[in-house]
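The form predicted alone is given below as one chain in structure tokens.
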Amino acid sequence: MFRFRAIRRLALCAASIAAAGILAASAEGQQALSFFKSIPNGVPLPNSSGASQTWSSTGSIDQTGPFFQSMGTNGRSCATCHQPSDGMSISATSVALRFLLTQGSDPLFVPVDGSNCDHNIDLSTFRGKQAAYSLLITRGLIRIANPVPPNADYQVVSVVNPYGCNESNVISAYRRPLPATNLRFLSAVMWDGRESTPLTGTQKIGYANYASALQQDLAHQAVDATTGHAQGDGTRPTTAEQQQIVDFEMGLTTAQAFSWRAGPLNANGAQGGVAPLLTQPFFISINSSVNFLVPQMEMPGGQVIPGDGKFSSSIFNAYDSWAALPPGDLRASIARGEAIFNSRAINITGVAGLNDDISAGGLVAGGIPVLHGTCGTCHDTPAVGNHSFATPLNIGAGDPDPSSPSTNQGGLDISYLPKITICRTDPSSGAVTNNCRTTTDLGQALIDGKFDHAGKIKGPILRGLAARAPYFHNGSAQSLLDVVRFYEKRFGLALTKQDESDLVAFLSAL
């Protein structure tokens, strides 16, 4: 399929970059490796499925710019949580390695948000640090603490946090760092959209103001990240540095480029890898399944929502040319997985944001109790897989299963997360009602204060998945197979063992 010599060259290159990444895990290593000022486009960055590539519009990843500089007081930079080797995010595996190599002294491990809680912790011993940073080490989770909005239409009645942050006025959520690449395809910034709403002094990203709103939101996020995660003093980043960070991020493109078993992902007519993404068109609501581009749908009661029929569930076509290969060839498996993603029917039920209401440019319908969709219904951006229109959803990845509270609604372990119970308040009296719910992450509701928005988050971009396990916003899926099985249990997705294998092979090749 490909020559042993090519494999050996790739392995040697991958080993060199892995060694550089290990050395750079510490501040001392970063100083020693200062001569590595850039990473050329096309350098393979190894992961368990093969290797990803991250390309910059400038021709190389410049590691001398403000994205890689410490601008706070705790030694962190943007790159602390957004590393090229991990698809511009961090994987739990690499975090664990950094912890061991630095004995927990890397700037990543600071209690402002790296520890499970920021009070009543012991950082004087190695074992104490292991316990304090266990969620970061094992799940790659950062603690995000936000106050409950003063105008919230709910009250937090209980917080059961196993790590001690049980306050009811400031809620700790535990989330994976989103990748700082492929950002030009975003319809909202951050899992909960808090950097894309007037509630925080930012802008909702729409068709008319993209991409200026996106760039302004990213600049605002750079300031918030520096003052918060890096504990900055407010003097940096300057306006010029903000623009440099935004330009750097907007110029990055990441995708899986090589598979250990299938070889180069652009061979034999395939369109995997970074190159096709460089010219991929995008605008807000492109191919949207929920905005005005949806096909005509009849709602309960006979109401009809008009549409122009432009939504297509065929989100990916990179591996169509491999469909005719022999069935035992992993490349054929990747092509079959792509077809499953594009066409396998899913009965979408109980998803807040889809089944309870559909909002489109001011048009609010009564919702569809059962939406007959596909993976592309919620991952509709062509060739990318996030939602092209800002549509925060709650698929149940953070909600305990009533029959088994230690797991989420797809059967994955969430016993390591806090349980937060909120109850709606009466709008006239302010009294707490018996309309309550328990979740592990309040999501959008912690930004806009709306009870109905509890647990709603955005779907992430799917390119470069193999580099940044674990998955979902809370790291509850340790592998892509866990992700697939979540959807099987949560939505009754009918897959054979071969289907599971094919879908995992495809997701690993994104």
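Computed from a predicted model, the values in this text were never measured in an experiment. Just count from 1 along the sequence shown to find any residue number.
Unshown form predicted together with a small molecule; subsequent notes refer to it.
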| item | value |
| --- | --- |
| Residue among L325, L330, A152, L178 with a heavy atom within 4.5 Å of the small molecule in the predicted bound form | L178 |
| Heavy atom within 4.5 Å of the small molecule in the predicted bound form - the one residue of C78, A92, A318, I205 that qualifies | C78 |
| Any non-hydrogen atom of L101 within 4.5 angstroms of the small molecule in the predicted bound form | no |
| Residue contact check: I334 to the small molecule in the predicted bound form, 4.5 Å heavy atom | no |
| 4.5 angstroms heavy atom contact with the small molecule in the predicted bound form for P460 | yes |
| Close approach of I142 to the small molecule in the predicted bound form, 4.5 Å, heavy atom | yes |
| Complete contact of L45, A257 and W260 with the small molecule in the predicted bound form (any heavy atom, 4.5 Å) | no |
| Answer range among 222 to 230, 154 to 162, 264 to 272, 413 to 421 for contact with the small molecule, defined in the predicted bound form as heavy atoms within 4.5 Å | 222 to 230 |
